[in-house]
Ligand SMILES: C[S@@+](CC[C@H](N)C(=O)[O-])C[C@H]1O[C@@H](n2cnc3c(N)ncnc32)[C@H](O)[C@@H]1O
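Coming up is one lone chain in structure tokens, specifically the form predicted alone.
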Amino acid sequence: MPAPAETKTEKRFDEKLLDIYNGAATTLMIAVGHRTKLFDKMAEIGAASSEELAKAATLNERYVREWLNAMTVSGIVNFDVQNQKYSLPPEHAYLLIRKSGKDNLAVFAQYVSVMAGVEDEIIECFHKGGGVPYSSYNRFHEVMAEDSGQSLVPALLETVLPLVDGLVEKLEQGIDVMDIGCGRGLALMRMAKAFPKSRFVGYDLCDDTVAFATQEAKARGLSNLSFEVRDVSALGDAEKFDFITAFDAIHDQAQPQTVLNNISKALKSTGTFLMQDIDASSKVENNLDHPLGPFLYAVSCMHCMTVSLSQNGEGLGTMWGRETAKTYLERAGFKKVEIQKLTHDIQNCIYVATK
């Protein structure tokens, strides 16, 4: 019997799948273009042949040519057939080069290749449960640091910290500050340099990130800043800190409620907890129009949820959402929780919590 006629709905889905696959492949090429700084070099030198671009970027011409062709058929790069030259339109370059700072979206492409590196381990988890540990991820902390370095860190002093009334003045006078899940510590370094009278400490579970942060802080001469490898689910500090921060770090904890309870205990009665986390709903039906919905649920499955489960944790996931986050904060003893949305960040929101 002949195959049933293809409906308009099926045709549209077939086309959608092709767009998805082409988009995924292009994402890998964008990551390559970012890491090799080819986008930056194209914006710098203008129209060029593959040979000219390869020479300017000190890269292999054959690989540069194939990458250029992938960028051309994807509509990112223009190709002048007569002169055999490639060019990056200024409106495209703005979203792909390092000089654009927080508007450089090429950084995000790297998450896809990083997550793809643990696909086999994730598949095994689908069959056996459990999770994939932090140690299995190549470059994840490096990419996270680059991401926050162009989005969070530049906005920290002028936009984020002023969300807490009187905080900047207190930091100038000198207070005790802790950052949970500090990673490579770029946010703390920014604050430590700006507020030399305050004392800063960063805690993270990973040895390599703490080692990197410690070395970098020393190189920058930041004597008011230190880093420690600590499991914050066993944090024993009591009413020690005036200000505590957690930037995209709570949702992938093994025991997020315990961590928040410990943060509350470590905070002085007059202190403030500032938490940056994903701006989404706890209910999937409310995220259907989320501009980064597919991306964030994928990041959750391939990283945030699974690293928690690898520690026999709750596996809360990236998309735990505002409703759950607010409930967890209230359970931890925070009587006032304000949720702030920043205009420069389409991915995160800021929770300001006080006891």
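For clarity, every value in this text was computed on a predicted model and none was experimentally measured. All residue numbers refer to positions in the sequence shown, first residue = 1.
The form predicted together with the named molecule is left out here; the points below concern that form.
key: Option from 219-227, 72-80, 262-270, 243-251 whose residues, in the predicted complex, bring a heavy atom within 4.5 Å of the named molecule   = Stretch 243-251 is the one.
task = Run the contact test on 144, 183 and 203 with a 4.5 Å heavy atom cut-off to the named molecule in the predicted complex and return yes or no.
result = Contact check passed for all of 144, 183 and 203.
query = Is there a non-hydrogen atom of residue 212 within 4.5 angstroms of a non-hydrogen atom of the named molecule in the predicted complex?
reply = No, residue 212 stays farther than 4.5 Å from the named molecule in the predicted complex.
ask   = Is there a heavy atom of residue 148 no more than 4.5 Å from a heavy atom of the named molecule in the predicted complex?
value = Answer yes; at least one heavy atom of residue 148 falls within 4.5 Å of the named molecule in the predicted complex.
message = When the contact criterion is heavy atoms within 4.5 Å, does residue 134 count as touching the named molecule in the predicted complex?
response = Residue 134: yes, in contact with the named molecule in the predicted complex.
task = Report whether the minimum heavy atom distance between residue 86 and the named molecule in the predicted complex is within 4.5 Å.
result = Heavy-atom contact with the named molecule at 4.5 Å: absent for residue 86.
query = Of 231, 120, 158, 239, which residue is found within 4.5 angstroms of the named molecule in the predicted complex when only non-hydrogen atoms are counted?
reply = The residue from 231, 120, 158, 239 that makes the contact is 231.
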